[in-house]
Structure formats: C-alpha cells, structure tokens
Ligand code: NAD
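Below sits a lone chain in structure tokens, taken as the form predicted alone.
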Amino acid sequence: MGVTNGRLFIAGDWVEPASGHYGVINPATEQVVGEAPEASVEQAQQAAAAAKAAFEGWAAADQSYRSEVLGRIADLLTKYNDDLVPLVQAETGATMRVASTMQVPVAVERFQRYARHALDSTLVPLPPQVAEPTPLAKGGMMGALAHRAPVGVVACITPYNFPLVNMAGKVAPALAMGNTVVIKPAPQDPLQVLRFAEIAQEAGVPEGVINVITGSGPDIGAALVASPDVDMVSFTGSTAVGRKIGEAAGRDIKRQLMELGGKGAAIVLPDADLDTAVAGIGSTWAFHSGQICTAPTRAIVHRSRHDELVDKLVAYAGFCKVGDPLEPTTVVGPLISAAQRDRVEGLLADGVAAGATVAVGGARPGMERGFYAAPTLLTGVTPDMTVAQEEFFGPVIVVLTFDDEDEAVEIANGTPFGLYDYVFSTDTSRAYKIAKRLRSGNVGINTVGRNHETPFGGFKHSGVGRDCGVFALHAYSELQSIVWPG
C-alpha cells in the first residue's frame, strides 16, 4: 500500500484524478512530501453518488457488523502506526511528540469508541400518554418511542491541523449510526487521509461506504455541499468558510455540524494559582504551534496580578524551543504554510500599530527553511483591537486586564466566537459561577484538559451542533417518532 499511487477513492476503487496532481509541502523543510490527486467537480459528484448508492445496504446492516468493521479499522490503524506517524508529521509539521501521541493514537481511540457505540440501542423509550378522543382519532392509551435513524450521506470536510483525528471524529460516529461518507481533507495535508482509505479498504468497508476526494481549491468541497446526493455536511474549519457552507447547505435544508473558529478567553482571577494558569495559557505556544481552535489565546487577568502573570509567561516562552519538529527537544514547530505565517505576522503588525507591546517574541525565527513563527506575547491589548477579536491560529497570546468579575465576563464574551473558555481560581465555586456566564460551548476550570464524553461545539460564530461521546451519535442521526394505540 502507498499514497504515492496518487488516486482518489470512489465506490471502492482507486480512480485516476481528472485534473492531475499537486504537491504537498512539508512545512518544516518546504520540500514536497508527495503528490496529491486533483479531483474534478464531476468526480466529487460521483463520490457523493457512490455514497448514496451504498447507503441503504450499510444502514440496514446489523449493528454488530458495523461495529466489527469499525473495530478492524482501529486495529489496522494501530498496526500501521509506525508508517502513519512519519507521514502525519511530514504533512502537518507537528512535532514528533504531538504526531506520535495526539494524532494517530487519538484516531485509533475514536474508532474503538464508536465500534462500541455502534452497538448502542437506537430506541428512546417514551412514557405512554392518555389521549382524549378528537375528530382526528378516538381516544385511548397511546404508546410511543423515538428512533434514531441515520441522516444519509455525510460530506466530511476536515481541517489541516489534525487531519486524521478530526476525520476519525466525523467518520467513526457517522458510520456507527449507519451513514455513508465522502471525505474531503484539507488541501495542505491530504495524504494521510488517502492512506486511511487504503486501511479502510483492507478492513473490509463495503464499496461506497467511505469515499475520499482531494483537491487544492475550494470547488471540490463546494460541489460536495451542493450535491443533491449529500444529506449532511460536517465541517471543521474557519468561520468564514463555515458561513459559505451554511448558506449553500441551507438552500437544500441539509443538516449541518460545524466546528468553527475560536478566540479562547482565559480569565485569571485574583486568587488564581499563576503556575497553573501559565501552564494552561502557555499551551497556546507549546501545543501544535497554537494551531488549535480551543487554545486559550486571550489571557484576561485581574489588574493586581498582571505583571506577575506576564513575567511568568515570558519565562515560559523561554522554554518553548522553536526548531526542527523531528528533534525531541523542539516544542514549537512550523505553521502549516507560508500564507498562514504571513497572516499571523500581519495580525501582529496590526496589533503593534494599534498600541500593543511585544513582551516576548514577535520576530520571525531565523530558520533557514520552514514556515516558523516565534511564541509571542502581546501586552497593553484592549478589547477593541483586532488582535483581541480575530483568531491567529498561531503561537500568539494577548493579555488584557480587568478590575471586577463583570468586566472580565464582558471582555470574554466580547468577540463573535464562543468555542472554549477557561477560568483560573482557587475558589472553584466562584469559577463555576463565572463559567455559567460565559457564552462558550465549553469551559475549563483550572485546566485545559478535555473530557471526551462531553458535548463539544461552540456558541455564536464558533459553530452549529455538538459531537463527541454519545452526542456524536445524536449529531449524525435523525429522530423519528413512532406512535401506536395501547
């Protein structure tokens, strides 16, 4: 097996791309990792049609069979871990620590999880109801239940930061519920998803149940969203793209699950343990170069603790070594592309021009090659500045101050985003009360850790719907009510 075959995966076959190939670039070396197939709009439509043709058989299959297939995928991902990790690392520029612990193993865990959940009952029992006679029907005791049915064909459009993990988080629950899928990975790093298609084929996934198309431009994804054979769009990416998908999907009333941008607020109360707060906020630098939508990129600190927090963050940045992601001591690897590095640098320049101060970082690291950005801390930031409103998706933290809790909450809620916020305080009761006031889909108290049984998604412009845990099964199903006379 090998992704160098440069073909698309449609209806169980490896298909030559109609529009040639394009190079996938290693963000650390700027060298070509491999050639990705360039699908045509017609091939995107063919993939959707193949998924539709396969839907009825997969949806009707025994739940134990679907569970077995998902379990075999998990086993093969584990078997090929040593092949996948270097590919993931080369495509994404992730450090070896992130690639080996947070990319492939998490994808395995997700397929294992939904292999188990594929066996869950799809029935929701409801209490009987006494109905009075009406002109519509005679009265009596009415029994009822709700049945979770698959939506149909799901277009899974995935991001570049965690291509394999995010794909697994969409595909595994979608398949567990009896849906079929077309996967469209991000153009920057699609090879690992094509490799996954090889693994899925080896696992015995029936023809058309999983399809993978790739392309360097937006037309392929747009064709999927517009396809009459697609019933649902599951998208992770920027709010700007999510808005376009929502407009297009809305015309055909397609179901949507969207995880979009974030501008995570970390409220640091006067009684906070600053070492805990710094370790959490510093993950913006230390974890995948800040290319994570849940990052606590806004440190909103009580004025009395501002200087101490800044000093500790500056010291923390000193331990975040920027360099070759293959080196075990490297903490901060490259950004995904030159375009993304330029965007981060442009936002930084805008912040400085607006009056913010660079407390650490700010300058491009002196690397010979690669799309690197230094861990950067901006102080003197006010809520109206662009750097306090827009997502960097890079290793940048901005510091804002507050004088009372109401002001802290107002600042935290004062962006269009609401994906993941944080509260740091030794008084967890106080932190909990503040957490409930935050317009955010997720709040961490004294931690940036995750509980993967919780529903995950955003408020406001950070998304639509929820997944993770059993909530992902709800996301990829329709509720059908069935009523009968008792």
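Keep in mind it's a predicted model, so treat the numbers as computed, not measured. All residue numbers are counted from 1 along the displayed sequence.
One more form of this protein, predicted together with nicotinamide-adenine-dinucleotide (NAD), exists but is not displayed; see below.
Interface membership of H288, defined by any non-hydrogen atom within 4.5 Å of nicotinamide-adenine-dinucleotide (NAD) in the predicted bound form, is ruled out. In the predicted bound form, nicotinamide-adenine-dinucleotide (NAD) sits within 4.5 Å of a heavy atom of F235. Taking the partner from the other structure, nicotinamide-adenine-dinucleotide (NAD) in the predicted bound form has a heavy atom within 4.5 Å of a heavy atom of G261. Remark: P185 counts among the residues lining nicotinamide-adenine-dinucleotide (NAD) in the predicted bound form, judged by a heavy atom distance of 4.5 Å or less.
Considering nicotinamide-adenine-dinucleotide (NAD) in the predicted bound form, the lone stretch of 313-321, 215-223, 142-150, 97-105 in range is 215-223 [heavy atom distance within 4.5 Å]. Residue I245 is the only one of I245, L191, L257, V398 with a heavy atom lying within 4.5 Å of nicotinamide-adenine-dinucleotide (NAD) in the predicted bound form. For the options Q89, N161, S227, T376, the residue carrying a heavy atom within 4.5 angstroms of nicotinamide-adenine-dinucleotide (NAD) in the predicted bound form is N161. Annotated contacts: I157, F393 and L419 all touch nicotinamide-adenine-dinucleotide (NAD) in the predicted bound form [non-hydrogen atom within 4.5 angstroms]. Residue C293 is the only one in 287-315 with at least one heavy atom within 4.5 Å of nicotinamide-adenine-dinucleotide (NAD) in the predicted bound form.
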